[in-house]
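Listed next as structure tokens is one chain, alone, in the form predicted alone.
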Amino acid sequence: MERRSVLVPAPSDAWIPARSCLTHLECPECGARMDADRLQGLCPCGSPLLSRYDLARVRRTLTTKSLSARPKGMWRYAEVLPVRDPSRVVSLGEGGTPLREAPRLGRFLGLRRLLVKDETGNPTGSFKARGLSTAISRARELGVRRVALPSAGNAASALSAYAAAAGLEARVFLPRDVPSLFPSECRAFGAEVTLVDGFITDCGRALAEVKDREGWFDLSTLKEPYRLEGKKTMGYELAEAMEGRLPEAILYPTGGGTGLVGMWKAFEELEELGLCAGPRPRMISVQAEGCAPVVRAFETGAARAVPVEMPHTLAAGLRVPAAVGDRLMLRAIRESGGTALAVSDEEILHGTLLLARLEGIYGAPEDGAAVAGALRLRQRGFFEENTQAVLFLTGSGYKYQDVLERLAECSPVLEPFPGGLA
């Protein structure tokens, strides 16, 4: 029997769930328009597809005043999310994460106006909950019964949890050396787990070999249009929390890059809706030195990233040797006047430690990369002392005990910015 799901938290008696204003899907490369009410993967030209909405209609109901009466969580932005029937939403309470000041870390980094957007409290402990809530909801609405994806860890956890809540069959493909909690968690949710020798790209190939024969719908990053829509709500929340004024810079630890691309799409929509004023943030991609395809492409002026042959980093979420959305990421970084940089595993580990000791946040290694990237950019003069920057903390460290158990024995090697907190 199919399980029914409802919006969580439940709408108040005063709020009638808004309806999606989705009109069609569009290819950002060739301009092709696709039917949003049929299952779609990539555009025939190979590009990810983007969801488009009737923003004139959205503008009538999605307002600052209407948002004040809506329940917390990402589904408060239902008009610009793709699920047409609110009763089909599969939610575990994702979104509505805090944007908070980080004064002690900011002093260490030499940044007086540092903020962190803390995604660690999402269901299954990461920002992946946003994208998988949207993708599972829409897939279910369109009649999908079996879902699968390759993952470095957190996306597999989220897929497994949301598929369980939706009553769908799930299968995940993980690198064999993934932190041990991830396979156990996925199995607990009832997903079929396949461990693959190699990297997430090898997991993607393993899925591709069986998906048509076994009837799995592929929810790989940007290979379907709707995970992106969930991730973009981070941009909507940021604009709402800052009362329509965006920060000067966003530092984002980048693997597949869906969140970076999604936020850039959100800022475009918010401007058209009149819910956002002023310049957009400089978008900054932080990768690991052992797996930095976007950084290399940015530095060489290339439009596409060259896949990394032997990626290596302790940050599993950053070990993505080839990203489907590389063009979209590079475009957002360049159009925003942002940059891309790579940090070492040692910097990542100690950035994670600083986040814990200075702000009480036990983040994933990817979060440590964002911290290390901020310090590196401050040292280079890319940031001024009064630059308002937001670090995105994408996941909890509690799933990375295999990696982070060394933290208690560590002493920071990152030197504070001169005059900063020692």
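Quick caveat, the model's predicted, so the values are computed rather than measured. All residue numbers are counted from 1 along the displayed sequence.
Below, we refer to the form predicted in complex with a small molecule, which is not included among the displayed structures.
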Based on heavy atom distances of at most 4.5 Å to the small molecule in the predicted complex, which listed stretch, 190-198, 338-346, 253-261, 77-85, is the contact stretch? 253-261
Quick check on M283: any heavy atom within 4.5 Å of the small molecule in the predicted complex? no
Evaluate G317 for contact with the small molecule in the predicted complex, applying a 4.5 angstroms cut-off between non-hydrogen atoms, and reply yes or no. yes
State yes or no: in the predicted complex, is some non-hydrogen atom of F127 no more than 4.5 angstroms from a non-hydrogen atom of the small molecule? yes
Evaluate N154 for contact with the small molecule in the predicted complex, applying a 4.5 angstroms cut-off between non-hydrogen atoms, and reply yes or no. yes
Are all three of A364, G395 and Y400 close to the small molecule in the predicted complex, meaning a heavy atom of each within 4.5 Å? yes
